[in-house]
Ligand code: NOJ
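Just one chain is shown here, as structure tokens, and it is the form predicted alone.
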Amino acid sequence: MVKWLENAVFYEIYPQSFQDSNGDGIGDFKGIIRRLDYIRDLGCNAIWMNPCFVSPFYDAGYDVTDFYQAAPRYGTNEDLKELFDEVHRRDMHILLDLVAGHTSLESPWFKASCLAEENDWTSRFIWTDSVMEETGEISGIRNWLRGISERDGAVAMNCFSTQPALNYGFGEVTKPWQTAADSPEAEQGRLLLQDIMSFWLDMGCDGFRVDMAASLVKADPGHKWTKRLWQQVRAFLDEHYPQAVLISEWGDPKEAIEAGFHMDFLLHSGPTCYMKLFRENPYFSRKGTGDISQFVQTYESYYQLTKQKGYCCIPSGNHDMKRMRATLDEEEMKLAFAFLFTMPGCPFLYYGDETGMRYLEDLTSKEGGYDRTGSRTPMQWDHSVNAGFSTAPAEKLYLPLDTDPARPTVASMTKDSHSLYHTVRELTALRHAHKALQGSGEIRFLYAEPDSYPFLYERQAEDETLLVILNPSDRTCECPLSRRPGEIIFSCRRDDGSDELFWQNGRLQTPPCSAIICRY
């Protein structure tokens, strides 16, 4: 395991919406550099930045034209290297978002593959032998594009019709045009992937979050060949870049960590029950109608299979879903963050969630965002023009700002000592100060019953054991607890004279809308 991950707290940056430095209405690398001290002071010591390479931006940069060149709207390769250097100067780390499975239709690699005359790129994408061939359903292929080239054939697409799939082979070969997962063509795909990684690691990045990591090899039951591919990549990195980190968008930590990733996200993909935490009848709502038990059952099974091998990671949200603030208010979010920052693995904080930025409904889709667009709006820094994001005219901003005069900003939150922002800072500081709350600290769930509150678990490392007590519901709740809680080291509760934490004869009474951490 890479040592720095043990105490990592990640901050996800959507670069086009974070900070504009040149007044064109789009965030950029120099803007991020300007805000690095803010991220560090928040308690985040690692960054995941969404794609920043040359792209036509039909899918917000997840359609890459040139994997070796920064998109001009963000800056130059030299600017990106400066960002790496400035991150490291603050004892922080940064991961790039790597789109491993496909390119843009405008990629010169794909354009060469479209030619009738055979060339080095002919077999680097997945083509049938005839443009009219019936393909049927193939695992890992979303759709097909036809009639776009002089080459006779239909080409496989990974996601949108602007994203042709790179060829890493097929686990089960059933057609003459399909290449095996251990074929020379598939091997060339992996070597190209390693070359891209080497380029950016040599420049100074600390690793990669890999988009759609489980989808590379097609028709691959159990992801046998996909896991083998990533194991080969990991062996390469361990030999040449042993401190490089790999994080997967997989949705199954057991498989992802077997494949060689250091961690996998528990997200809306896969049977993780993640959405029941903060979004779908959320457990952390004061309504008190949620259910934590299914999540705990799923989490514990993954945890037992992966502990000491890799991490299961839980984010506050990301660029692909509605913001947490769409379903929880700021007081409820405080309790959700008390959970996020006291769980094993590495917590991920989506930019703006620390201030309770809102999801903006009914925005016109931008760069393939569709219903995700409302979670990608500009960061709200202060009460100056465009909330401090950009000096461009409002109509030139990447996306519209929240127009509510009471919109949350960093400036307003930092002035209020009881704000969500200050709770986040307190929790990240607590995590950094206690090994029991860090990545590899043991967890034991004490009370997580169906349709019940509160939620209790222990974290333990070395000679320290901490008890986390969460009662998001708007009522006093009780549960069995064999030991009396000790000194309270963190408390977030409704300030209206409601009941205090009370233990007697093996029963714990928890105040409503509260998060409390005690020593044992």
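Counting begins at 1, following the sequence as shown. Values in this document were obtained by computation on a predicted structure and should not be read as measured data.
Although it is not shown, the form predicted in complex with the named molecule is what the next lines describe.
Only one of 376, 218, 93, 227 lies close to the named molecule in the model of the complex, with a heavy atom inside 4.5 Å, and it is 376.
When the named molecule is considered in the model of the complex, only one residue from 196, 401, 159, 138 comes within 4.5 Å through any heavy atom, namely 159. In the model of the complex, none of the heavy atoms of residue 453 sits within 4.5 Å of a heavy atom of the named molecule. Contact annotation for residue 59: at least one heavy atom lies within 4.5 Å of the named molecule in the model of the complex. When the named molecule is considered in the model of the complex, residue 422 lies well away from it, no heavy atom lying within 4.5 Å. Put simply, residue 326 is far from the named molecule in the model of the complex: not one heavy atom of it is within 4.5 Å.
Segments offered: 384-392, 316-324, 423-431, 178-186. Contacting the named molecule in the model of the complex at heavy atom distances within 4.5 Å is 316-324.
Residues are counted as partner-facing when one of their heavy atoms sits within 4.5 Å of the named molecule in the model of the complex; in 205-232 these are 209, 211, 212, in sequence order.
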